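Two separate entries follow, structure 1 and structure 2, each one form of the same protein chain as structure tokens.
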Structure 1
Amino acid sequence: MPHDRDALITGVGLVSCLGEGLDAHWDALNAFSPVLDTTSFPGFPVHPMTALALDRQIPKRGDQRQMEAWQRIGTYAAGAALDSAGVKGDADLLSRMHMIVAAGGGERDYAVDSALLSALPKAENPGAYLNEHLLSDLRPTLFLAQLSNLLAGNISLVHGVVGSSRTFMGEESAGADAVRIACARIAAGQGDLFLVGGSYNAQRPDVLVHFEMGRLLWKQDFAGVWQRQEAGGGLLLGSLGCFLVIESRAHAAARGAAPLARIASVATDRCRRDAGVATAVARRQMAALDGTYDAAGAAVISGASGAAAATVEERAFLDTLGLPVRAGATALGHSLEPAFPASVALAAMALARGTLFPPLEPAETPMTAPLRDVLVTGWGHWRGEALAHLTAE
């Protein structure tokens, strides 16, 4: 039964290697061919960001200069989401719009780092040398491009979203909890209109170093998320920006906004990933959905990252559901913080079209029945298990 406090998705801004916007993503997923950058970081392929006409969403060049790539991607996607929801520039609505951003940290100055790493071991007084050169060589405003909460800050500044601003950190879980808490606040009357999402820049050496330290990167020829598991699994990181406009049904109806889909529920949890425990978490989350959807019109958009242990366990769990599955990271790459919002966006896209896109790799099965329900999983590559249920409107 429709309820005034249902959480509806009324806008999506999505940019990735597949292009910009849901139509571009729909087309690319219906004729899937991987988009990879194999040359910027030899031996470490990543899914690159599509070329963005930044001026369209970040009109002031000064703003663009003050940001690093992760912020530009996110601020761009946020603007696209506001456009898509028809709230861009509406000062009254934006002054009441609550923002929850899932963010990591920003880029470093790689030239400064490299120069310091080269010189410090030879410096007579390394401490003094470090101080002197950080003081003289770092761009003063770089800090503001690095702080996690400054993606949200830039969205307030560029797009005027000022109802409130919160930033969650913690890789995949941050994105899932951002969606969960927005929906919970709508259900409880703690807000009507939300902007939720995040961004990720995979084309930066420091994040590759980080995941390489964890021995998590896929360095072989392209393979889908499931197929990679036959050769030890691994992440192909992807640059991505995704924001969702989520609002209460009553609020959307009052302003005549057309919903793409309804977020019926979001559950998140964590465990220490001892064998089988993540599966037990997911089973509990599934049990809560019993009787809320018809399997004949249901599919799964999986957030599986490709990381071996989590992906293998999630796959085994998904096999017990008997539903068609699509792993979005096969096409978009794995994007950590915005990965869950992006999976929700793909689900909303498919529900709005009433049909699921074709399999992205042999392990996925076609679906011809009309799509009515999508289950979105979000198992973090390290921690965190999330499950959302979206329904067609």
Structure 2
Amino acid sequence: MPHDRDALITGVGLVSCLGEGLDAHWDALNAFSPVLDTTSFPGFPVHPMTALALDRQIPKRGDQRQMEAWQRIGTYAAGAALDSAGVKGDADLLSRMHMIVAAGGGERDYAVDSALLSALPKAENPGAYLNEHLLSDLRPTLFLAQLSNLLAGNISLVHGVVGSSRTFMGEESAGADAVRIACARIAAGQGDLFLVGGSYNAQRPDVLVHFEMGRLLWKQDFAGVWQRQEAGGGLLLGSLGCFLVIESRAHAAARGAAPLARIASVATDRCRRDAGVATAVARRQMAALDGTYDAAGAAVISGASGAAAATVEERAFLDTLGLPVRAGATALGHSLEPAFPASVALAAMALARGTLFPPLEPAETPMTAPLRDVLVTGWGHWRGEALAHLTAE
């Protein structure tokens, strides 16, 4: 039964390689063709960010210049979410809007990094050399740009969202917990209006080196998340920004906002990823949903990253559910912190239209029944297991 404290999604700002906004993503997913940059970083394909008219959401050029790419992507997506929810520029609503951001640690000055790495092995006292040059070569503005909560700060400054603000770090789990805690605070009466999400810039040599050092990247021709497992798996990273406006049913009704979907529940957990342990976590999360959805009208939006061990185990678990599955990372790429909010956005988009988009690769099955429930999974590439249940409104 509807309840005043239900958590409803009333706005979505989504930007990725597929375009800007839910309509663009819906059209792209219904006629799917991968959007991949294979030349900027030879040997390391990525899903690039679509071209953004930054002035539309970040009108001051000075603001644009002082942000790094991931901050521009996130601030842009946040503004798009506010537009989508019909709250952009409403000072009263924005003064009461709480913000929960999932973010990484910023970007690097590649010239400084290269100089340090080249000179460090030749230094007479490497420790002293490193300390000296970190103090002198890193500009104060660059150091501040490493702070993950600068994304929230920029959103506050540019868009006027000035309620409470929290920033979570922790890769995929950060995005899942951001959504979970917003919904929990709504249910507890600790807020009525939340802006939740994050951003990721995959078009960075440092992150590509980082994941390649862990032997986690996919470096062959394009293949979907499930197809990659036949050749050992791997991540195809994607630049992405996603923010959700989540509000209580009573608050949405009072201002006449039309919801896209309801977030019925969100569960998060983490384990050491010994064999079968993540599956046991997922089974506990599924057990809590027993009887809350009708399988005949249900589907899964999977946040599977493509990383071999996690993806193989998640797919085996999903096969036991007997539901149509779509791996969003096949189309969007894997984006770590905003990956879970983006999967929630895809679920809300499909529920608002009453139908699931077509399979993205051969391992996925069509769905012709009307869509009423979506289960959103978010198994991190290394740690973290999340499950959300969204329902149609």
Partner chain sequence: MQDTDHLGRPIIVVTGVGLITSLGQGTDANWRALTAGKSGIHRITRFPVDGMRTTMAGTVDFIPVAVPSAPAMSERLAELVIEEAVTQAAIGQPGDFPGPLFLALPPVEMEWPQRLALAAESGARDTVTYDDLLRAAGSGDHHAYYERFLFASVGENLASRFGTRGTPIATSTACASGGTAIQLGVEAIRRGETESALVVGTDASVNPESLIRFSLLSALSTRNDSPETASRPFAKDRDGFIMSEGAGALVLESLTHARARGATILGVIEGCGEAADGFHRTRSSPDGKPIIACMRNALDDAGLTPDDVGYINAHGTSTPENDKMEWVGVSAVFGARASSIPISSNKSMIGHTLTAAGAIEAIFTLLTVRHGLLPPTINYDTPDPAVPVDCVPNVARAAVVSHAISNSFGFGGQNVCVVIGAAPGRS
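Keep in mind that this is a model prediction, so the values were computed, not measured. Numbers given to residues start at 1 and step along the sequence of structure 1. Throughout, rigid core stands for the largest set of C-alpha atoms superposing within 1.5 Å between the two forms.
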property	result
Index of the chain form predicted on its own, chosen from the pair	2
D206 C-alpha relocation of at least 2 Å between structure 1 and structure 2, rigid core basis	no
Large Cα shift (2 Å or above) at I181 between structure 1 and structure 2, core-fitted	no
Large Cα move at S114 between structure 1 and structure 2, threshold 2 Å, rigid core	yes
